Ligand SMILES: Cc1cc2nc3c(=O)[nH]c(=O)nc-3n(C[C@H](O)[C@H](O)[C@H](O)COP(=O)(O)O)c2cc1C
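One chain comes next, on its own, written out as structure tokens in the form predicted alone.
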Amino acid sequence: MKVTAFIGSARKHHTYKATEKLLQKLQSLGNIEYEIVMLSDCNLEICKSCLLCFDKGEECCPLKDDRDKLIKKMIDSDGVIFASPNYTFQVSALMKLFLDRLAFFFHRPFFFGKTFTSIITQGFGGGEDIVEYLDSMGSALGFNVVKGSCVTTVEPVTEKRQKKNDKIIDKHSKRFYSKLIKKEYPNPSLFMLMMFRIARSRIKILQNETFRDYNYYMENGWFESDYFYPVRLNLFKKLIGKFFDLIATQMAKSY
């Protein structure tokens, strides 16, 4: 199995070492091939907010950078890791730039059946909120998300702190590996079900065949399906899903 880690740091230091340690732990658990991608080595331009990727398709993007090469690495992987240092209580600019270049996938989720997790390194605090943010991004992209980890790397890193970090990474690797080998398509949470129903109602009512989102939903049968992928909803979720459809339709018609 292949795991690719994307690191939003300008240097191979704490974030790189923590990610590498997680990947090595994964290898000790099973037959894992891994690759580490330093976003600082990639050509990623700033999104111009032209909306062409949303409306006409990502192939119409006027920026000619490494975005598609990085996306191919994600597609060719069974598992993906986003790792970033804590910069001013948020991901680094490199990681945010990468996420912005993936924005169309938040409209048209793609990575179902693949496993995602995150790693944040920090000096003092706030990292858990960043982990939650990155994990929510992974979920929005379609991944099966394993809760990420935050390790403290304030210098000098004491022996006691390093042992704590190693323990966190060890547990993290086991959680990630367990999810990775299942390649499952889980039953959606109520929140994810709600987001799917709201998105499709908005697209169905406000768009038409001239929009890429509309055609993508049509091609995948999402206007009629219970969720993004085949899943058996229990009676409660079927009913609540219809309720979300009703509310979402009313919201879309009020625009």
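What you see is a predicted model; the values in this text were computed from it and never measured. From 1 onward, residues are counted along the sequence shown.
If you look for the form predicted together with the named molecule, you will not find it shown, but the lines that follow are about it.
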Heavy atoms within 4.5 Å of the named molecule in the model of the complex: which of the stretches 80-88, 172-180, 100-108, 141-149 has them?
-> 80-88
Is there a heavy atom of Arg11 lying 4.5 Å or less from a heavy atom of the named molecule in the model of the complex?
-> yes
May I ask you to state whether Thr153 is within 4.5 Å of the named molecule in the model of the complex, using heavy atom distances?
-> yes
Consider Asn165 of the chain shown here, and say whether it contacts the named molecule in the model of the complex, taking contact as heavy atoms within 4.5 Å.
-> no
Non-hydrogen atom contact Gly123 with the named molecule in the model of the complex at 4.5 angstroms = yes
